[in-house]
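The chain below stands alone and is given in structure tokens; this is the form predicted on its own.
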């Protein structure tokens, strides 16, 4: 890649809309928290843990992801994890982030949801003082039952009220295959009735049919991943016409074998067809890069032009769950930077 373009991308103001906070937990911090909390890990060293990050599919990643989360027990742990992400995001010039967290991963270990949210919130409030605005999205684990999701939602209701400035929506993540969006229609209806924003992982390993379900049954505002939508031209046209954003995660897709080579990624084809795709890091501690590394990888592999990169950056801002005035200000900030840099 042209070094000048790489530097321009690196410094560009951008939003990150697909980041699992538990997936930003680096091996070094996992071991530090394990020692602090007296948690015994299955790996004898940081290097041994990092060497295990050779995934063959989504499930092989999730097995290690949940093991890593086992060290998170106290509010300070969630604060430290989130603070570490904020540092990396600010270094990549992320000016706005919408962050996923998985309460069921923690409540099933006896960690109260209030502990999780309080620690994350404290770190995000600190991040705002340093120039990064943020929102929080509660995700349901799709390999668990909808009854479990409904119970989780009900127990989270006081938190949605207490943290309404930050906790603005619900999402759906974890193992996609065999767990279609339709499985969670009732809990998404309850969230919609409360006026929450709705997102769902669909069309990563799952088929385009799952994207249709996310749109038609869950009535999502954004689709997370969605890279297999390209297989259905009618779906692509619908996404483009309705400006339904896809939060694409290139390094994740490569690491989890959704694509066997980055040059085969569908992002450019979707972009060419007018779909509002953008670049995100997903679980950066596990997939080899934070958001700028994802931009570099996809721009290099697909030979994206400067104009196409600008569109990706602008899409990330326009798809953010912020007020129209905040959105306009973010886009104006990008424009001032991008054209001055030119």
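What you see is a predicted model, and the numbers here were worked out from it, not measured in a lab. Numbering follows the first chain given and starts at 1.
Keep in mind that the form predicted in complex with a small molecule is not shown, yet the notes after this line are about it.
Per the 4.5 Å heavy atom criterion, the small molecule in the predicted bound form is contacted by stretch 277-285, the sole one of 305-313, 40-48, 277-285, 292-300. Contact annotation: of the candidates 134, 247, 82, 252, the single residue with a non-hydrogen atom within 4.5 angstroms of the small molecule in the predicted bound form is 252.
This chain lacks the partner; the member of 317, 69, 29, 58 within 4.5 angstroms of the small molecule in the predicted bound form by a non-hydrogen atom is 58.
Proximity of residue 174 to the small molecule in the predicted bound form falls within the 4.5 Å heavy atom cutoff. When the small molecule is considered in the predicted bound form, residue 20 lines it closely, a heavy atom lying within 4.5 Å.
When contacts are judged by a 4.5 Å heavy atom cut-off, residue 33 does not count as touching the small molecule in the predicted bound form. Residue contact check for residue 75: none of its heavy atoms lie within 4.5 Å of the small molecule in the predicted bound form.
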